[in-house]
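As structure tokens, one chain now follows by itself in the form predicted alone.
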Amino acid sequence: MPKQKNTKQKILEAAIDLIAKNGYRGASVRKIAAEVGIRESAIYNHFKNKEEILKEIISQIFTTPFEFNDLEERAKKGKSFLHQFVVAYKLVSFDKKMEKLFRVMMIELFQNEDLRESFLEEFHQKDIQQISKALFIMMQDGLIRSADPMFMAQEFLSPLFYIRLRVSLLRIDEKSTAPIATQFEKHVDFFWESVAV
């Protein structure tokens, strides 16, 4: 028997659908409540305002694809760890719902200071710090050359973000994403060759 979704999950899913369809401004709290089938006031039991709903959605978009409970064990696998990370990132990048939200987020980043801070915290602080820890472990194990692990993490993640942006731009114009579909994996190969001992 499938697990029942709680109200907070239903609100988030309704908001994702409405934002993807109508943009952030077109997804009012009233419309989200109607989509879920609850009173507008009931949303405020779960979220302070619409911006908090958006922040929650954005945090899901840029959350690290892995749960890093076993970071040290995963990192010791070197290239395999990076490949697993990139495959998860690629799946998120090609997910149509997430891709639409990525577009909305890119527009909102230029208009919303709180969202910019949240994005930098989620993308920069969380992901880059986690990847830099993994790279540091690889350095200690002699899998990759010694260097600044934070800078290496930025060098690893930045092209992934760019490829994800290209996926969105191609989809906006309804062009094929097939030519760039393998670039995620090629990036791992290129990066690994440049850092491996």
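Here the rigid core means the biggest group of C-alpha atoms that line up within 1.5 Å when the two forms are laid on top of each other. Being a predicted model, the structure only gives us computed values, none of them experimental. The numbering used is simple: start at 1 and walk along the sequence shown.
The same protein also has a form predicted together with the DNA, omitted here; what follows describes it.
Contact here is defined as any heavy atom lying within 4.5 Å of the DNA in the model of the complex, and by that definition each of A27, R39 and Y44 is a contact residue. Heavy atoms within 4.5 Å of the DNA in the model of the complex are found in exactly one of 164 to 172, 47 to 55, 132 to 140, 151 to 159, that being 47 to 55.
At the 4.5 Å threshold, heavy atoms of R145 stay clear of the DNA in the model of the complex, well away from it. Core-superposed comparison between the shown form and the other one: the Cα of K186 travels less than 2 Å.
Remark: with the core as the superposition reference, the CA shift of N22 between the shown form and the other one reaches 2 Å or more.
Annotation for L157: C-alpha shift under 2 angstroms between the shown form and the other one, rigid core superposed.
Relative to the displayed conformation, the Cα-Cα distance from K175 to L18 shrinks by 3 Å or more in the model of the complex.
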